[in-house]
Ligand SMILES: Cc1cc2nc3c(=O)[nH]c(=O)nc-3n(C[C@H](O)[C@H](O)[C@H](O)COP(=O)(O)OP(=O)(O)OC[C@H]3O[C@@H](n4cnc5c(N)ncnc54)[C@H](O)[C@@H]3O)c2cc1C
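Before any questions on how it binds or moves, here is one chain, the form predicted on its own, in structure tokens.
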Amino acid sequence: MGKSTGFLEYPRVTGPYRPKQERVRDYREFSIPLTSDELAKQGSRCMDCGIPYCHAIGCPVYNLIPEWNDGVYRGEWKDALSRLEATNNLAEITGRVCPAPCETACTLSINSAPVTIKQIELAIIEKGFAQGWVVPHPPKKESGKKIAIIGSGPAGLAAAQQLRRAGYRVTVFEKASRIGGILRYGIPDFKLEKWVIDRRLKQMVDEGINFETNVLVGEDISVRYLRRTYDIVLLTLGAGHPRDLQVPGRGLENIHFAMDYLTQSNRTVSGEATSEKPISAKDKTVLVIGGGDTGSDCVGTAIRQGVKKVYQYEILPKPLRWESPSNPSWPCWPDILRTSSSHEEGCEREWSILTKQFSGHDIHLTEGHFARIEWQTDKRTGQQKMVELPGSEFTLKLDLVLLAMGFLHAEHNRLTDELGVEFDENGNIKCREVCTTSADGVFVAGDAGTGASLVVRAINHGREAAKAINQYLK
């Protein structure tokens, strides 16, 4: 490394956020990038640790993190970009929305503050676009084989680009009117503005990838046509089947799945027409059930819509409050309390809350009924179980409830039925070997095969599927 004492000389510095009073009035990204000089200092903190846990354990795409950290420190940005692009097709996405497990695995996290890996990654790719270094890479030779990819989320896009560069004719089918899947419709613009996706898509189109929107495969085009026309089918459908809440009153109006709410909001922000009944938090008391990132995105969206009051309830216990920048579970992901930019904008959070039922007037939601619980260890099985605390019941006046409790598995539909793919015990598309399914010539990548996970893992699975397909066809 260029500066072996950088981690001793410079503290960890992260980019600031736009002022809260300003950012809640629009849907533009909330973060402010660091200067090149500051990024060079942050890159110099990478400590030449010998075993790069950030790369080997933390990063699902195995980014060459120490190498491009050093490149940024030395001012060799183009070299840093070449190393970043070697492992990651969508660094401008992961640099914005990835929770950065690489940083929790950083050796500095043992007893200090990790390198600002995520912000350096984003700075490298953005400089690459600004300098015109990110260019199309069409194949030098065509294979003559055709591949259909169903779904245009991160797994589908990563696989499409890798396969096209290997010489295959690739068509990506998307049921929505625009490409991007969860990236476009599930992540709010204040975390990921959609021009970021469109910029990458232009590169992919210039490489020769064909995108078909408004196509529900299995309905608009048949599986028979798909099989007859393409040599390989790759399923990157995501894990779109949400976890529901089976309690009395669930059928009342104004109780919605979080993704329905976020998708509609994203379409509205982008000016995309929708025929659905509007779901708005304006002037309402809103409860988000589920304490993860999707719930946090609902909070931030509701605040920008002009919510009256927003709550977020989680059934699990409150995580450990950890003020130190080190990682108590190094090199693994720690179960500690995290506060997002959306939480900082104004949200009342509570943990260990059991939702018992909803009530209303006619079909309209008016109240939620809850109880506090305690998590105890079962002495016989050693497993955690929840125990309702006597006399802890309470009610909350509500106008809108958003269910953000995660996703169970990929949607099972006519496409999966007619392809004849098998599912595992969790309802995910079953993998026999690397990305292969029970149906010959049909592969799977991303959340459809693994269950809901990180964008960066989906990118890795897309790349792995591309490798497996290339090997299968040779």
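Residue indices: 1-based, along the sequence shown. On a predicted model such as this, the values are computed, not experimentally measured, just so you know.
The protein also exists as the form predicted in complex with the named molecule; that form is not presented, and the subsequent description refers to it.
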With the partner omitted here, the residue among Ser265, Ser152, Asn89, Gln312 that in the model of the complex has a heavy atom within 4.5 Å of the named molecule is Ser152
Position in contact with the named molecule when the complex is considered in the model of the complex, options Ala148, Ala123, Leu237, Cys347, heavy atoms within 4.5 Å: Leu237
Even though the named molecule is not shown here, does it sit in the model of the complex so that Gly58, Arg83 and Gly95 each have a heavy atom within 4.5 Å? no
Specify the contacting stretch among 356-364, 194-202, 393-401, 291-299, defined as having any heavy atom within 4.5 Å of the named molecule in the model of the complex. 291-299
Given that the named molecule is not shown alongside this chain, does Phe173 nevertheless sit within 4.5 Å of it in the model of the complex, heavy atom to heavy atom? yes
Are any of the heavy atoms in Ile255 no more than 4.5 Å from a heavy atom of the named molecule in the model of the complex? no
Does any heavy atom of Ala466 come within 4.5 Å of a heavy atom of the named molecule in the model of the complex? no
Just to confirm, Ala439 within 4.5 Å of the named molecule in the model of the complex by heavy atoms? no
Mind listing which residues of 413-429 have a heavy atom within 4.5 Å of the named molecule in the model of the complex? Leu415
